[in-house]
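Consider the single chain below, provided in structure tokens and representing the form predicted on its own.
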């Protein structure tokens, strides 16, 4: 099965002009096996042939490989630590300064909006008004369109408090719309984390982020791609900036002295200032 799956990933890479070969082999095998079962095919080889015949199937498989599940304040403890213990320290020292954040692999924007809400709550508490820029990026254009629309079903709002719901959301049909104030903080733009030619969203011009959230994406990559993407995240993060990772993700060993875990739990890391051990 492994060799056929490798051929399928190579085909997808050539078909879309995007890197599918850096995805974890075990993830790819699992998703392809699911699709083979759904279609009631005899095996992976028959599915490989189908991919070449059916023009719609490559897009379907690509969506299966790029798992796109998200929700507001997913991992409540991590977001609460960020809100109550960290966010104030990221505010610029001078009036009129910038607070820049990056929500990488943002899916439909739930995470970017969660960051926006936490930032706004902190600004209200501190009574300061820096210029806030949140860059929300994903490789899938349909995901970015969902984010720009700012419309969410009730099922994604499980981590939202009643106060936040009343403050930052407006009921609309069977769902809710995020407030224009939060949406105005966020720039949705396409960025492929596996693109070897860029290390940060081109729209951000130079990286330089005070906060980067890349949660539950690295875990789906092979070890080499994991390191390559992590190198870029580290490069884009300002000294003193904070990195959020998913529960199943870890800082590579070569960065242990440069990224210090802030709490025993929560998977939050701060980039050390130059010259500090």
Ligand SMILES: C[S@@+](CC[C@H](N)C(=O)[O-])C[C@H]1O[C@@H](n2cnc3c(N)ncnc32)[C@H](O)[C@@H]1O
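Residue numbers count along the first chain shown, from 1. Note that the coordinates shown come from a computational prediction; the quantities given were computed from them, not determined experimentally.
The following text describes the form predicted together with this ligand, which does not appear among the structures shown.
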Quiz prompt | Heavy atom within 4.5 Å of this ligand in the predicted complex - the one residue of 139, 81, 183, 132 that qualifies | solution = 139
Quiz item: Of 192, 203, 145, 172, which one comes within 4.5 Å of this ligand in the predicted complex, counting heavy atoms only?
Solution: 192
Practice problem: Just one of 204-212, 39-47, 231-239, 59-67 has residues with a heavy atom within 4.5 Å of this ligand in the predicted complex, so point it out. | Solution: 59-67
Quiz item: residue 105 near this ligand in the predicted complex, any heavy atom under 4.5 Å?
Solution: yes
Quiz item: So, in the predicted complex, is residue 217 in contact with this ligand at a 4.5 angstroms heavy atom limit?
Solution: yes
Exercise. Please check if residue 255 has a heavy atom lying within 4.5 Å of any heavy atom of this ligand in the predicted complex.
Key: no
Quiz prompt | 4.5 angstroms heavy atom contact with this ligand in the predicted complex for residue 71 | solution = yes
